[in-house]
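In the structure tokens that follow, the same protein chain appears in two forms, which are kept apart as structure 1 and structure 2.
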Structure 1
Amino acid sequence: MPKLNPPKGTRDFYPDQMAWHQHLLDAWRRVSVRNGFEQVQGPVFETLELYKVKSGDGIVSELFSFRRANGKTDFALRPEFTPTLARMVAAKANSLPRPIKWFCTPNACRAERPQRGRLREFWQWNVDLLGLEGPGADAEVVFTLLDFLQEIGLKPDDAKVKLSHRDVVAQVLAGLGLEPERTDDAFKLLDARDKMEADAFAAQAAELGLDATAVERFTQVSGKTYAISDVAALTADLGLSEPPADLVALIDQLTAFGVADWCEIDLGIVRGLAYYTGTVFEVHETGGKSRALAGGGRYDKLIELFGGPAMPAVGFGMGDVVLTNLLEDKGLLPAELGDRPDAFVFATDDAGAARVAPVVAQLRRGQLHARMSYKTTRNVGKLLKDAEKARARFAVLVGGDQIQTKHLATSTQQTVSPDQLLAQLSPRPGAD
């Protein structure tokens, strides 16, 4: 029989990998909840039409789509959660309390060429705040994102949130002579900037109808970043009569949240998707070696596209693949993960072997994580090493006439009665 491999662009999660995966999902959930977001979920596949509403017919080539046998409806595996979220909100918009603060951690699939940082199946953290006007909503979503980055050990020297605003960029482009109907084309070009050579970028900018001077200016504007304290310099460079009010208000909110050192302004960030309406942002590694860690922004008109009422909205998505690569590169993946046993139980003699199962059952009924040795050896030294490899808190040595517990961190060993065993092994606050 030929060797069977997983589909290209997917992953098998063996225990070590699954421990990290679950650790990440738990961290996403923990950060979301403490920032006031509630968890939701939707189907792993939707009608193909749902994704076309948000992204147009061009999305079809990026999806794993199918039609049920003898059916007439086309479906697609979930490539992202935002269309599902929009559908869910639109369906119950009048009964949902405002603001709506939701998060989810779904898996998703895209039919594209696998490469570093991008797989065909991935998990994504989505955080969305709907029904709240003003920069405070944008700032709270960005703060939640940065709260997570700090939780996993990253610092402002490792990653930056690049802030931008599509209206400001559109205003600058109009000042350079760009016709309004070419704005979306310009945004798509800006979104692809980091994947292009400088000459190719300039050539495509010229194709937008800009003269040589405007092309040069367009290239400069899209390639420069500003500290958020340099709004005056940004205003002067862009030739604006006054500082961009929305960006200034967002900066003030982020400063109040105490995360200004994580942020900078980069008007080359526009998030090429047409549904974004205002503030946009991405998180990039400062070394520039990887894809964006996260991206999002305002999408104030999306709920209307799905039949709901007008509703302001802002959110972001973060994928697990790029993040894991970055943490691995920086040596920040936790060394030991997974569920640590409270007890590792083994027999020290043949008479004790018959007592192992009852002891294990007692511990498990007492809500303790108990494992047991499946080896026939009675070599206590080898069995203690097995307990240490399992990272157990205690080894439980069962003999024909006694039970002993050994705290593996301190090597403290004592004899206990069966009635004392559960209390002896139950975790205590501050204990190993």
Structure 2
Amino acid sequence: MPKLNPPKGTRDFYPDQMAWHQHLLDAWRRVSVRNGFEQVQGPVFETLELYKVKSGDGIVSELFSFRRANGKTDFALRPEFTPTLARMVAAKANSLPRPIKWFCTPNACRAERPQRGRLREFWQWNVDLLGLEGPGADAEVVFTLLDFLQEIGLKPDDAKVKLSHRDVVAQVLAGLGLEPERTDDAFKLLDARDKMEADAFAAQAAELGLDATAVERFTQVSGKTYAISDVAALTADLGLSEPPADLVALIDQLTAFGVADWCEIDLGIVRGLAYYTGTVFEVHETGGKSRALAGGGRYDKLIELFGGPAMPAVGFGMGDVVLTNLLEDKGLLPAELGDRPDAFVFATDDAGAARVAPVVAQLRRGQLHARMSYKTTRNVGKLLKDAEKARARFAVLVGGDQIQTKHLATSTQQTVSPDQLLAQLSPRPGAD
């Protein structure tokens, strides 16, 4: 038998890792729900065709695609959730109450070589708000994202939402003399900016037909971030007579949601995707060079593209890999996340051994998380140590003639009758 390794770029979740993974999924869900989003789910594979709608044939090499033996249909493991979401919304667009506020936390697979922050299988939190126009929807989605970052222990010093707006950037570029049909090329160049030498960037900008002054202004502005309160400086640097209305409206809404201190403006953010139509944003670690923690924006034409009615939409995705890396670096990964037992039951003498199973059964039927020792030793010290290691709230010492409970945090020990046991061990609000 050859070595059976997990496939490249996938992870096995042993109990320790699974405890964190579940904690993360729970946090994503908790934050989504309190922000008014409903959970959805779709298939882990779709027809290959679905993934070509948005991304074209070029996407195929990045997918795990397959065909059944003797089958005629090509399928692919989902590389992202958005096509599924668009398909689901398009299919029932006219019967769904609006706005549509959905979230999900699916896994996704991409056939790329793994590296830091990117694996071949990952989990991604998707939050989408459809059927609602205007910057208020954009801001609510951004608020939800920030609500999570705060929930997980991050502060505005740790990470920032970099906001931009495609129309504003396009407007600025036009003002600098860019031909409208070259706007997409300019977006691509902006997206690649961080990985280019300054003069190479300037040279390519010049190729777009911008003159020297325009290139300089464009370079300067796209490489700079502005505090959300500093739109005046941005306006001046852009040489505009008044602040861009779209940006001002968005800022006003974010301020109303109380998250201005998390946000900054960075017109260099355009996102690679061609389908974004307005607001775009990414979350980055402050000062960090790692890839974006999350990214999203407005995609008002997408539902149409998938055969649905015209419907405005805004959303974002956040992967588990980069986030976990960041939290690990910052020491924010919580320790001891596993499920704590309410009781750890063991026998203190041979007569007690026969009574362990009934006690455990009673506790479990009473909704308690009860574990027991599988050891034959009657060494109470050792067994208590096991109870402690299991992080149980109570040890239950079962002897032939009595049952004792020991609250491990306080070392309070008392003898209880069998019919009192369940009530005594049941968690009370406010207690541990």
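Keep in mind the model is a prediction, meaning the values are calculated, not measured. Numbering runs along the sequence of structure 1, starting at 1. So that the term is clear: the rigid core is the largest set of C-alpha atoms that superpose within 1.5 Å between two forms.
Enquirer: Give me a 1 or a 2 for the form predicted together with the RNA.
Expert: Pick structure 2 here.
Enquirer: Aligning on the rigid core, do we see the C-alpha of L173 shift 2 angstroms or more between structure 1 and structure 2?
Expert: The answer is yes; the displacement is at least 2 Å.
Enquirer: Relative to the superposed rigid core, does the CA atom of R182 travel 2 Å or more between structure 1 and structure 2?
Expert: Result for R182: yes, a 2 Å-plus shift.
Enquirer: For D194, is the CA shift between structure 1 and structure 2 at least 2 Å following rigid-core superposition?
Expert: Moves: yes, 2 Å or greater.
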